[in-house]
Every structure is written in structure tokens, then in C-alpha cells.
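Taking the form predicted on its own, here's one chain by itself in C-alpha cells.
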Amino acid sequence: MSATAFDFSSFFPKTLPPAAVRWTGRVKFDFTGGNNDADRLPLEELTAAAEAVLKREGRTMSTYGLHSGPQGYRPLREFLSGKLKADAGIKATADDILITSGSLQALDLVNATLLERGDTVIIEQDCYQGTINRLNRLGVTIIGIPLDGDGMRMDLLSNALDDLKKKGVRAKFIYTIPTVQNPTSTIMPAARREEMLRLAAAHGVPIFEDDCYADLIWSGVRPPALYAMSQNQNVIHVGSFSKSIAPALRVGFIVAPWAVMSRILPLKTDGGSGALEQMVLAEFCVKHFNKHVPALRKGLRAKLETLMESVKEHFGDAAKFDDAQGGIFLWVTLPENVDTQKLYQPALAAGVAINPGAEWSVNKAYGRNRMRLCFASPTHEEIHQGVAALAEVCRREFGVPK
């Protein structure tokens, strides 16, 4: 056996993403990632749900699709049908819903259904990093629309659509996170949603609605989903259980008209998302979801208050932010001389992980002095200590705060 390892490098396609680095464990103060609050995980109820559903119908796992077909476990889709109608005003049957392996697979499936290299898409200027990275890898042109306190600005969206029309280009979709936007935590009001739908219809462009954080609005009351408000079925809606229950379950979903769903299904070539996760979720959600989520929101809101207090204490006027309306992250603006990408490595060396703002913005210059701080996973004490450590690194590297 040769001692020289085979060189695969010449076999890798040029479109392959950069090589990953080996994971060495989580840092002491981790303000990154869509993690949830471990103390709020409904472990006892999930354990009981797993035992009950396995005893009752565990043998259906011997069949792809659990006797429910390729769109996922039917009891879970039926729960979602009722939940989406009650919460978001969406009138969708179980047959309009596809269960996916997290909302990330939902993003990939919708992109694969609608996009080709060279296409143009419109998204929010500050946006989910996973969406930006996927679109860049697909080789599409991204047009970022700035946001204000109510989400994507409709005047600028209108201008962008008009400019594309003059060039003879029609965007393949408008991607938006209208309900607890990532990373700004804004919530688009109903009137602005109506305007987005009007503009989309006028230009013949569909809307791709990502609603992953919609369960985490502090008030528990949300505007109707764009999918629910649409008059011509031009919206594709995706969501997830990662933020309301647990990200490691990897269960998301797509709601779409059959004309779209029928083209998505052939692309889902994994033989179906994890069966046990779907079965346990369905068993749990029917009995406990409506009690669990308000308690989770209460705990997350308390952690956000701890984070905002800590940032104010250790950064003072050097850090600007708006009180998040829900979710698990705070979008923080630092002085112009701070580059959060350059802050990242020394902060990591001090045991603090942050999301540099440039990675969450189509406009890298705009995101340069911003950062996203996730607060769900660390404890209250870890939030206090982590922000203090981050402020010290920022002071040492950039003279901020003074």
C-alpha cells in the first residue's frame, strides 16, 4: 500500500466551494448560528412523543414515505395545514405541503426549480447568509434592496423592477424574509406586503417567502403571510421547525401551488426527509406546540434584554441597534472605523464568535461595520461575559469603545 495519499485536487470542479476546515468545537462565547435555547427544549414531551408514535406505527418506517407518499408524513402536513391557516392565514391542504430536510433544503429545491446561471433575482440588501452564498454559487445576478424599520423598501423595489424592465430583464423571483427578517429582525406590515404583491404582479415576477422565524414574534401576532394575501398564486412559502422546536431535527417545509410542487418533487432525490423526526414532531405538535412556543418566546425575549443591556454597558454609544421584534439575533452597527471581518479572528482567539456583517449583506461596504449577535444558545451569564470580552477586543483592535 502506497504511503502517498491520492491527489484528488485535479478532479475537483472549479465551481466547488472552498475547502472546509476541521471543526474543533464551539467557542466559549458563541454568538453565531441558528441555535436554540437548550433549557427551553421540550425534552420530556419529545421523549414521550417518540415512544408513543414508535409503539403505534413504528413499523411503517420499513417503507419509504411511511405510507404517506413522497411529500412527507401526512399527520405532520395536516398539523401544518391547520397551523398555517390559524397563524398566517394560509389556506393550504396537506397536499400543498412538502416536508424537507430543514429550510436549507427548501431553499435549494426552490432555487433548482427556478434558477439557471445568468438569471437575476431580487433580495433584501441585508439578508440570510445561506441565501446569499447559494445564489452566488449558482452564478445568478443578485440585486439587493435596502431595508428600513418595516423591511424591504417598496420604492426601491419598484425602481429596481422598472430598471430591469428597461433592460429587457425579468427577475426570476423576489426573495424576502418578511416576518422577523434575518438579520435585521424587522416585520413587514400588511400594507407593505400588499404593495410588494402589487409590484410583483405588475411585473410578472413570483415571490419567494422565507418565514422561518415567524413563530418567534414577541407579541405572538403576525401579519398574514404573502402566500395568504396573493390573489394569483405567485408566492412560494417556506418554513421550519428549527427555531420553534430544535434545529437538529432538520425539518422544514415548502408550501406551493401544484404547478410548482410537481416540478420540485422530482428534484428531491433523497428518498424522503428523516422519518422519525417527522413522526415525533407530528405527535408532539398536536398536543404541545401551542403551549411550548409562548414559553420559548418568553425565554428568548429575556435573553435579548440581557444582550441589549450588556451591549449598552460595554459599548456605550459606540454600538447602535434597534430592539428586535422577535427571533434570535441582534443586528448591531459599530463606528465606521470598525471592520467586523477584521474583528472576527482576534475575537475568536479571545473565545468569542460573531457573524461579521459583510457576510450578511449584498452590499459588503454597508455591512462592513455591522455584526449579527445570536442570543438563543448562550446563558445569561455567558452573554454578559461574552459581550465584555468582545468589547475589550474591539477596544484593543480599533480603539472602540473608548
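Since the structure is predicted, the reported quantities are computational estimates derived from the model, not experimental observations. A residue's number is simply how far along the shown sequence it sits, counting from 1.
Keep in mind that the form predicted in complex with another copy of the chain is not shown, yet the notes after this line are about it.
Q: Find out whether any non-hydrogen atom of Glu277 is located within 4.5 angstroms of another copy of the chain in the model of the complex, and reply yes or no.
A: Close contact exists here: in the model of the complex, Glu277 approaches another copy of the chain to within 4.5 Å, heavy atoms only.
Q: With a cut-off of 4.5 Å between heavy atoms, is Thr63 one of the residues that contacts another copy of the chain in the model of the complex?
A: Because a heavy atom of Thr63 falls inside 4.5 Å of another copy of the chain in the model of the complex, the answer is yes.
Q: Taking another copy of the chain as it sits in the model of the complex, is Ser273 near enough to touch it, meaning that at least one heavy atom pair lies within 4.5 angstroms?
A: Result yes; Ser273 sits at the interface with another copy of the chain in the model of the complex.
Q: Taking heavy atoms only, is Arg170 within 4.5 angstroms of another copy of the chain in the model of the complex?
A: So Arg170 counts as contacting another copy of the chain.
Q: To test your reading of this chain, name the stretch in 110-118, 285-293, 146-154, 308-316 whose heavy atoms come within 4.5 Å of another copy of the chain in the model of the complex.
A: Single hit among the candidates: 110-118.
Q: Note which of Leu104, Val140, Leu199, Ile132 lies within 4.5 Å of another copy of the chain in the model of the complex, where distance is taken over heavy atoms; exactly one does.
A: In short, Leu104.
Q: Quick one: from Gly204, Gly220, Gly89, Pro189, grab the residue that has a heavy atom within 4.5 Å of another copy of the chain in the model of the complex.
A: By the 4.5 Å heavy-atom cutoff, the listed residue in contact is Gly204.
Q: Of 253-291, which residues get within 4.5 Å of another copy of the chain in the model of the complex if you count heavy atoms?
A: Pro257, Trp258, Ala259, Val260, Ser262, Arg263, Leu265, Pro266, Leu267, Thr269, Asp270, Gly271, Gly272, Ser273, Gly274, Ala275, Leu276, Glu277, Val280, in sequence order.
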